[in-house]
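A single chain, nothing else alongside it, follows as structure tokens in the form predicted alone.
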């Protein structure tokens, strides 16, 4: 097991917590998708995993090691990368400079940084063509590709994705999900929160449904295809 969430209870105030005893497992080389209505606690769970929010109870383990108490700045060293919701490129820096920021944990190891650039540019030839352009002039789809590429600069073992297609034009959405499928082929462990249920089901291996901060359903993707209309009706 790559990533394990066990009995996590968490919230932003002392009142009723948003997450109430959530359990989850994400396996290496698979896409695990979390779906559910707005306010179910999906993005909150990613924040707990990445150290932005400390849980009141429960544990999060990455390859058997508890990561509770670690700060977000420590997570890349633990092999975990996180794509936040919305765009996160630095618009007044070039594509190449944005990627350099993704390699900051490699420090002064120039050989490792160069190898990371070669691998990324081989995987994303479009970014290589535009490496000297300011990131702010890229299209929305290209910016999302840059964000995904930046995540892989340190070859993390686990990638957290929060609404990866949010804000994109419909014609660019397929490109993003195709890229996530390609990342799975490289054996990354991918845990993704998504409101685009239809598209996420196309690449998911395992699915969790959260409602009111609790586990509602979970199972292999094929178990959800026919049940999705019924499950979504529960949210309304």
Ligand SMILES: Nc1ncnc2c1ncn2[C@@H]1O[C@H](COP(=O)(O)OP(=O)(O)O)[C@@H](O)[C@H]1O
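Positions refer to the first chain, counted from 1. These figures come from a predicted structure and were not determined experimentally.
A second form of this protein, the form predicted together with this ligand, is not displayed here; the remarks below concern that form.
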{"item": "Triplet 12, 38 and 44 all within 4.5 Å of this ligand in the predicted bound form via a heavy atom", "value": "yes"}
{"item": "Residue 22: touches this ligand in the predicted bound form, heavy atom cutoff 4.5 angstroms", "value": "no"}
{"item": "Partner-facing stretch of 30-38, 176-184, 201-209, 57-65, counted where any non-hydrogen atom is within 4.5 angstroms of this ligand in the predicted bound form", "value": "30-38"}
